[in-house]
Structures are given as C-alpha cells and as structure tokens.
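We begin with a single chain expressed as structure tokens, specifically the form predicted on its own.
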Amino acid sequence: MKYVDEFREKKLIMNLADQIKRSATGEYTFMEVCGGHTAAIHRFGIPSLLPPGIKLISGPGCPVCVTAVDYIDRLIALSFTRGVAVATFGDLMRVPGTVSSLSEARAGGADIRVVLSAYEALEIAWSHHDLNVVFPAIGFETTAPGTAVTVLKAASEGTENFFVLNAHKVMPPAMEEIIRGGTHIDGFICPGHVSVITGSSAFEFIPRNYSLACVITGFEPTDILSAILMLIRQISDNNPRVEIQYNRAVTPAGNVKAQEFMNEVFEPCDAEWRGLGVINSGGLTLREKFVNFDAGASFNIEVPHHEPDPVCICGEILRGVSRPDECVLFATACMPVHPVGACMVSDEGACNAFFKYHVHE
C-alpha cells in the first residue's frame, strides 16, 4: 500500500498539475494507446487537472475492442462444433458478434469455459483427451509471449487436442496507421505493459519519421501527469524523442527472453483491426512448424463476412476521431450491461471508461 500511495500523494499530484499549467503555452492533443491508461486517466480524473488547451484522446489500446466481428463469429461457430470446447479470457465473453456473443452461445449450450491463461486452457486439454480445446489468442505483445510459451509446451508434450485461434496484434504498426490516417495528435502516451516486452526501441521510428513526441509511462496519477509534462517539454524544445517515464518496469531493450519466445512461435502478418482495417504487419501468425496448433487451419469453419453496425462509431473512437459521448447509442442502447459495441465491453474500452466515470456529465 505504501508503494501505491507514493504515486498518489496529493501534494505531488497538484505540483505536477501546476507545472503542466505553467509549461503549456498552446494547444496539445495527446493520444494514449493503452487500455490501462484509458481506464486510469478517467478513474483518476486526470482531464480535470489539465488546462483547457490539453486534450487527451484514446486510441486502439484495448485488445478486446480491436478484435474483428468475424473473429467472434468464428469462435461462436467453433464452440458449437461437436467435440470442441472454447477456453477463453472472461473479457471476451460479452463482445458482440454479428448475431450473438460467446456468453449467449454458452447459454445456448455451447461448451465455453473461462480461463485466466493459455496454460490453463492447455491443462483442460490434458485432462480431457476426448475434447479439442481451442484458446482464443488475443492481445498485444503483452499476452503473446504467454501464448507462445504454451504452444511450445504443448509441442514438447506431443499434445494433439490443443489449438489456438490466433488474433494477436502488435502495437507499433497500428500507431503508424493512426498517424497516416490523419488523426491529429502532437504526441503519444506510449503503452506501458507492451513496452515492458518490446522496450522503448520499438517506438523510435515515430519521432524519427514523424517528428512526434513519445513518452512511455505507468498507470498511477503521478505517472500520467509526469508523462504529459514530459511531452509538453519535448514539444517546447522542438526535440521529439522516446522517453521512458515508467523506468521501474521499462528498458530500451525490453524483455529479450519474451521476445525470443514470440519470435520462435510467431511471425508477422497482416491483420484486421476493428476500426482500422487490415494493417500491414499488424499481427502475428503461427509459424509453419506450429501450424498443427492453428484452429483456423485444423477446423473447417466458414462464417459470412458482415459489415459493422453503421450506427455504432466504435471504429471512429478507436481511431481517436470521435468521443464515446458523440455516439447516439452511448448510455442509451449501449451500456456495460448490454453493450452494442466492443468499446463498451472491456474495462479498458474507451466507452466503458467514459460511461463509468463521465456519464453523470
């Protein structure tokens, strides 16, 4: 508790807020691309501590939110396949597919189980040899190493009834797509957990190629405020670069061992991101030597492609061009208890955080 308190000390928070107000000489737009940051910014009321000229917008930092509708439809189809059990993270259960969700599919008799890790899904496969267990592998560089280690373990044990339906994505190409797509930003609050794995070096191309400020930060109020101050100072000095505020967890090189596991099991691929479309090298796919663990290749599951609901603006929110409260569905038809869009499902989704902390406004 003492460790947390030192990052939430009121005097330090107000001092940082005062420094920001004195340092801000114009208007600034900063995008956070980590769902954990989105939730923390609203939970701690960070915008209320900033001068009017500083605007914080959310990007595609929630792995559940950027997972395509077709992927959810394929999971649901797999869950109704005879002899198949889907073992999934809990926050994927209520993500809307075209006509239903995994939660609704389970209520309809599908074998869907909630697990806390890929390894737990593998253990289910070991315990039920007559069952094909499919793990929905979603998430960024933070969760990909866990999937990779689990696949390696399954391979070493000769497991034949464990599969992954892979949708792992990598963050740097998505950030570049945001820039190229024309969303106006002056700097990035770079993802904290992703950077623990990738290291700060993964984002060096942003200031080098696009002259945008970057700061990798933690998740406490003083972390986020410090990052904003650092971004303002980079802009004032006309010296955009990648700085590490979150130095208690992030290094330039990152977690080399985790990177080795990922590189052994996965290779880059083009990937569909909800709201951003197909991003070149925006995802990871299993290497050929591990294709026998690929649920997509092992099960003949075809689902029709459906265009997203035109009323839901989840895609625009993920690109940072709209706010949640600009959606006509927000806090009416779409709420956490019955989400219409993926951004309302996860605690890290922009709509969910905005509903939880700003709906009274």
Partner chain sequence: MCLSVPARIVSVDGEMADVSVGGAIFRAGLQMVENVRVGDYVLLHAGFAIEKLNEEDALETLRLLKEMDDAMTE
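Numbering follows the first chain given and starts at 1. Predicted model only: the values in this text are computed from it and were never measured.
Here the subject shifts to the form predicted together with the partner chain, a form of this protein not shown in this document.
Contact check at 4.5 Å (heavy atoms) against the partner chain in the predicted bound form: all three of 36, 119 and 229 pass. Note that among 103-111, 131-139, 70-78, 203-211, the stretch whose heavy atoms approach the partner chain to within 4.5 Å in the predicted bound form is 131-139.
Checked against the partner chain in the predicted bound form, the candidates 272, 123, 243, 177 yield a single residue with a heavy atom inside 4.5 Å, and that residue is 123. The partner chain is not shown here, but in the predicted bound form it comes within 4.5 Å of a heavy atom of residue 63.
Contact check for residue 91: a non-hydrogen atom falls within 4.5 Å of the partner chain in the predicted bound form. Remark: residue 258 counts among the residues lining the partner chain in the predicted bound form, judged by a heavy atom distance of 4.5 Å or less. Residue contact with the partner chain in the predicted bound form: residue 146 places a heavy atom within 4.5 Å of it.
Using a 4.5 Å cut-off on any heavy atom, none of the residues of 276-300 reaches the partner chain in the predicted bound form.
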